[in-house]
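This document starts with one chain, in the form predicted on its own, laid out as C-alpha cells.
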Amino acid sequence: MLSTTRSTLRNVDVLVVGGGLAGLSTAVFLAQQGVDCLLVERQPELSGHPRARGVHPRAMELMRSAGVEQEIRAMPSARLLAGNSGVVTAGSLAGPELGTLDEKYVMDVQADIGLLSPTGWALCHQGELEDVLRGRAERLGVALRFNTELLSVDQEGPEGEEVTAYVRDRATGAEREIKARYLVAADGAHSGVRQSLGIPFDGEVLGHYVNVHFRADLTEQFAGRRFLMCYVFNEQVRGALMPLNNTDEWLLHLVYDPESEPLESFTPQRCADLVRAAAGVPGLAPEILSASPWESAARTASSFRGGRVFLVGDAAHVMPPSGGFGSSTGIQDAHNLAWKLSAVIDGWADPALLDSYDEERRPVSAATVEQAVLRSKDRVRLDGREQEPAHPDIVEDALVWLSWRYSSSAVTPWDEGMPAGHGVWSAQNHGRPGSRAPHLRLLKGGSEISALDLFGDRPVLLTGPVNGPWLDAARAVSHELGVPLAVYGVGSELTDLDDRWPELYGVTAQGAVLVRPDGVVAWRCGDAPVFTRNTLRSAMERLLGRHEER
C-alpha cells in the first residue's frame, strides 16, 4: 500500500515545477547564479520524444552562456542534421518538388550570421537538448525529483514571504511539504499552477495534429537532399515529412479532427498507409514507433506572475511551430527571470525588480506568438492554390531572434524615440536601452571572445579606452550600493577586432554602456557626463528597483 505520510522535504530558494525544456533551463540558469533550487517533475523520466527540433541563435547564445553549446552540437541529431535547410513541397517524397518556401522574411538556418552573433542554429531534437540540460543541472548541484507531482501551492506564509508547495512521490505515495522563497511554474500548456492562480490563458486553437514517428529507409527517395521539412499534398495524404537522421528515422505531421476521428483510429496499419502515401512508395514497410497527438494553438497568459509564482515556457505562452520560436522563447523566459531572482535573493536588488519579468517577457512573447501564427497561416500558400503575397506584418526571422526591445522599470526610459521597426522589434537598436547587447568580436587576454561572453553573473559597465572617470565611479557605486559590478574598457584591456564598438553601441570613446547579467542594455551614456558617479548611481538604482534611494 502507498504511504500517505506528509513530511517536510526541504527548504529552498526557488522551487521549479516541471522538468521539460523551460524548467530545466530555469534550473540551470539559477544554479549558475548560485541559487539553491529544487526541480520536481511528475513524469518518471524525460520523454526523449523528438518533438521540437531546432534552437534558434538567441537561445543558442544562452546555451553558450550556460556552457553547453558544444555539447548540444555534438548530439546525434545536431550532427546528422547540421547541413539541412529549407522547406519544400511535393506530391510525395519520391515525386518532383513543386516549390520551396522562398520569402524575404525567412533566414535560412545555414545563413552566415557572424556579424550578428557568435553562434547560430542547432538542429537538435528537444529530447536530446533536455538530456544535455539535465546533465548540466546535475553537475551544478540542482536537486531533481522526477516522478513527483505537485498537489497544491500556498502563498499564505508569514507576511507572504514564502511559498509552500505540497508534492507527492508517485512511486511511494509519500507526501511532502516544500517551502521556497519563490516558485517557477514550467508545467506546460495545461499548467495546473497557472490555473490555480486563476490567470487567464486566452487565445485560439489553429488545428489538431498527429505526429507519426516511424522508421523506414527513404535514402533513395530523399535523393541526397537536405531539407528541414517537405510538405506533401496528394489524394491520400496532406501533411509534412521531417527527417530526423536523413536516412531511416522520420516524423510525419498529419492534420486530424478529434471530433470526427479519435486518436485510436490512427492504428499502425492506417499510419503505415499514410506514410506510404507521403513517401510515394507503395511497397514500403515502415515501422511505426508512435502516433502522438498535439494541438497547434496561440495563447498568452494575461500575467506571467502571481505573487511569488512566475510562469515560464508553455505555461506562459504557446504558439504554432512555424518559425521554430516556441521552445527558444521559453529558454529566454528562464534566462530573463533567473538573474532577477538571484539578485533579489542575494540582497543586491529590491524585490521590485521582479515586476520587470512580466513587463518585459509578456509583450515580447505575445508578439512572438503573433509572428508564429502569421507564419503558420502563410504556409497554406505552399500548395500553390494561394497566390497572394506574404502578410505584410510578418517580421524577418533575424529580428524576431535578436532584435526585440524591452520597455520596463529595469531599463532606462527611451529618450531617443522608437527606431523604425515592427512593434517590439527593430533592426536599428544599436545598443539602445532595453535591447540585446550587440555581438562584438573582442580580444581578451590573447583569446578571441564575443562581448556577449562578458555577461552572466553581474552587471557589466562597458566603456571606451578613456575610462578613468568611469572606473572611479563604478568602484564608488558598487561599494555604496553593495552591488557586484564589472568594468571593461574597449580599447584598453579589450581589443575591438573589427573597430565597431562606437557604431554598435552608440557611444563615443568617453561614453559607457551598462549591461544587465542577461545581456540586455540597461542604460547608456553617449559621452562623459559632468557628474559621472551620480549619473551611474542613478542608472544602477533604476536597474535594481531602488528608484527612491538617495
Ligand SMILES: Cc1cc2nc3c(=O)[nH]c(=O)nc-3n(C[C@H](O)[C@H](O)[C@H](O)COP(=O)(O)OP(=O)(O)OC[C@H]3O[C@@H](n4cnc5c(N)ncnc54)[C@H](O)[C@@H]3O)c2cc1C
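Numbering starts at 1 and follows the sequence shown. A quick note: this is a predicted structure, and the numbers were derived from the prediction, not measured.
Not pictured, yet referred to below: the form predicted in complex with the named molecule.
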item: Segment that reaches the named molecule in the model of the complex - one of 425-433, 134-142, 268-276, 319-327, heavy atoms within 4.5 Å; value: 319-327
item: Contact residue in the model of the complex, chosen from Ala509, Ala52, Leu481, Ala486 - any heavy atom within 4.5 Å of the named molecule; value: Ala52
item: Listed residue (Ser292, Gln155, Ser450, Ser303) with a non-hydrogen atom within 4.5 angstroms of the named molecule in the model of the complex; value: Ser292
item: Interface membership of Glu69, the named molecule in the model of the complex, 4.5 Å heavy atom rule; value: no
item: Distance check, Leu129 to the named molecule in the model of the complex, heavy atom within 4.5 Å; value: no
item: Proximity of Asp518 to the named molecule in the model of the complex, heavy atoms at 4.5 Å; value: no
item: Non-hydrogen atom contact Glu360 with the named molecule in the model of the complex at 4.5 angstroms; value: no
item: The named molecule in the model of the complex: contacted by all of Asn336, Ile345 and Leu354, heavy atom 4.5 Å; value: no
item: Residues within 4.5 Å of the named molecule in the model of the complex, restricted to 32-46 and counted by heavy atom; value: Val40, Glu41, Arg42, Gln43
